[in-house]
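Only one chain comes next, encoded as structure tokens, the form predicted alone.
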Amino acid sequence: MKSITRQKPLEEIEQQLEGLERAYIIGCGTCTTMTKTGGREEVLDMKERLQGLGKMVTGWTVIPIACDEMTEASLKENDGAIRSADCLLVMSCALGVQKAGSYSGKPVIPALDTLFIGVEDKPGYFHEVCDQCGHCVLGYTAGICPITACHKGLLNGPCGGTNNGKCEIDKEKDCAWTLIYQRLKAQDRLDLMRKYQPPKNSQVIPRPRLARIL
């Protein structure tokens, strides 16, 4: 599973850098390298773009895994270049941005938007598999998540717009509830289609969500 990200428009990055003239750029060698949003090539490209805006780049690095303790070690290794910067421009998922902020007193600027947690179907193609909602119903829906697989996120379906097994919002997309029906039928468990699922409780685990592993 990977964090799927996209680069923010340069105009938005420039707005976030207002008043910050010297930046140190951090990329990630895992997820954003795979999605080509924060690997070595993208970091070097961002360096040129910032310089084109008149900003000074004091240095850059691509941390192997920017969302774990390697961030702290990398920041210590590059302490000189970081100390001379006004901020850290982080090209990783939001967790990597937060990690960098927790280990440095410098302002952290996200260069990316984190979209979802997903898996790769084929090279370069990812799809969302889990909303991490804290209320999993996969046992009732034959292992197909209605929150992420259905455009409407319906917990009880299908809606009235499905046509020949396709979604009315995206006619190229299979209706999630048709897929659920077909799989439950093959398992001889169609009775679960009649089981009502109450509205999802967004506060099953209050935010910020915590977990303790014993």
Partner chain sequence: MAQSFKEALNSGKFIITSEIGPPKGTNLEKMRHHIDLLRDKVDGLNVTDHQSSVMRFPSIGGCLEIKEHGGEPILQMTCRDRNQMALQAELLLAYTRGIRNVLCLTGDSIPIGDHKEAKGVFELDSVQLLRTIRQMESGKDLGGNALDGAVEFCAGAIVTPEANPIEPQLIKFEKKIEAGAEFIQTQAIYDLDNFRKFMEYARKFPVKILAGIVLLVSARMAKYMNENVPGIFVPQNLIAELEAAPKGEALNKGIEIAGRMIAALKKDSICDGVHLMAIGREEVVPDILAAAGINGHKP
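Since this is a predicted model, take the numbers as computed values, not measurements. Residue numbers count along the first chain shown, from 1.
From this point on, the text means the form predicted together with the partner chain, which you will not see here.
Annotated contacts: T61, I65 and C67 are all free of the partner chain in the model of the complex [non-hydrogen atom within 4.5 angstroms]. The partner is absent here, but in the model of the complex a heavy atom of L155, alone among L44, L155, M34, M56, sits within 4.5 Å of the partner chain. Contact check for G165: a non-hydrogen atom falls within 4.5 Å of the partner chain in the model of the complex. Within this chain, G19 is remote from the site of the partner chain in the model of the complex, having no heavy atom within 4.5 Å. With a 4.5 Å cutoff on heavy atoms, P198 counts as touching the partner chain in the model of the complex. By the criterion of a heavy atom within 4.5 Å, M193 is counted among the residues contacting the partner chain in the model of the complex.
Contact residues in stretch 177-193 (any heavy atom within 4.5 Å of the partner chain, taken in the model of the complex) are T178, Y181, K185, L190, M193.
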